[in-house]
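The data below hold one chain only, encoded as structure tokens and taken in the form predicted alone.
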Amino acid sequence: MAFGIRLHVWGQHGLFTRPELKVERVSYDVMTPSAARGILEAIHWKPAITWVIDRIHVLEKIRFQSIRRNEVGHKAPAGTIKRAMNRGDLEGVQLLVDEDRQQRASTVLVTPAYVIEAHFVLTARAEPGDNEGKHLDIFNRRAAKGQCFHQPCLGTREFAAHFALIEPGAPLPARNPKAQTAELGFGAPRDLGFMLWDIDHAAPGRPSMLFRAVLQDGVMEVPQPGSAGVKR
């Protein structure tokens, strides 16, 4: 793990939607690997690298709150956007929010806080000037300054994620002592069931990939790409 990073992330709320419960949204107990990857990509990403999540430390108690949120009912069709791009104008690309607003119940996490441990690997799109040290320096510099290409979020856009780089060798942020209970796997591992690992955007139909999530002493280990722990 020569090029690993550690990032402390936290926020007021989080909503990591279970795919089987996305009409009236219900969050997973813990941040998903794909959501963690999205936060890292908001800070630094290039086609030359891909982020791999190694583990997620849970720092706070898992608490839920039911709220009602306004959502837009539909997305702009991809075909309409593609045709507009080919034409070079935006005619027909619109969503009328006031006419397509829906109010839905959501079960969200309260004051979630995590440490993401991850590393990156170079892709086939890496150019001669790309190397691990270069991209590691860029990420560390941007994360230390709080720079990001867009505001990272805890599952959905309205729940902003704050972040801070944990320097190499520095201790992890202290876990809330009240969180060190059986709920976070202290005393015995806690099985969280199957969790979304990522979406395979390259495969037909973009299937979901899942893994068996387990919390042990407040830490969720994430299987590596291509390993037997990733199920399709």
Partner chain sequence: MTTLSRRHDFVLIFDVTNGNPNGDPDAGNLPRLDPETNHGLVTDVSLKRKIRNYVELARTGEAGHHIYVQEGSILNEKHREAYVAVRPGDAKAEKDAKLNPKDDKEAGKLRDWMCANFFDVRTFGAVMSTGINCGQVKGPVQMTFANSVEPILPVEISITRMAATNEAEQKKRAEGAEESDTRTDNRTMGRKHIVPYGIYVAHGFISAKFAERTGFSEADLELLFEALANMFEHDRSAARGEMTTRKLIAFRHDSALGNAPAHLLFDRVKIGRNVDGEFRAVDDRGLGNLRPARKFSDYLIDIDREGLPAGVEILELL
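The shown structure was predicted, so the numbers you read here are calculated from the model rather than taken from an experiment. Numbering follows the first chain given and starts at 1.
Separately, the form predicted together with its partner chain exists; it is not shown, and the next lines address it.
Novice: So which stretch, 59-67, 178-186, 27-35, 191-199, is the one near its partner chain in the predicted complex (non-hydrogen atoms, 4.5 Å)?
Specialist: Stretch with heavy atoms near the partner: 59-67.
Novice: Just to confirm, with a 4.5 Å cut-off on non-hydrogen atoms, which of Leu136, Val115, Cys153, Leu122 contacts its partner chain in the predicted complex?
Specialist: Selected option: Cys153.
Novice: Indicate whether Cys148 is a 4.5 Å heavy atom neighbour of its partner chain in the predicted complex.
Specialist: Yes, Cys148 is a contact residue.
Novice: Can you check whether Trp10 is within 4.5 Å of its partner chain in the predicted complex, heavy atom basis?
Specialist: Although its partner chain is absent here, Trp10 would touch it in the predicted complex, with heavy atoms inside 4.5 Å.
Novice: Does any part of Asp98 reach within 4.5 Å of its partner chain in the predicted complex? Heavy atoms only, please.
Specialist: Output for Asp98 is yes: heavy atoms within 4.5 Å of its partner chain.
Novice: Can Gly79 be called a contact residue for its partner chain in the predicted complex at 4.5 Å between heavy atoms?
Specialist: Residue-level check for Gly79: yes, a contact with its partner chain.
Novice: Give, in sequence order, every residue of 155-177 that has a heavy atom within 4.5 Å of its partner chain in the predicted complex, or say none if there are no such residues.
Specialist: Heavy-atom contacts to its partner chain in the predicted complex: Arg157, Glu158, Phe159, Ala160, His162, Phe163.
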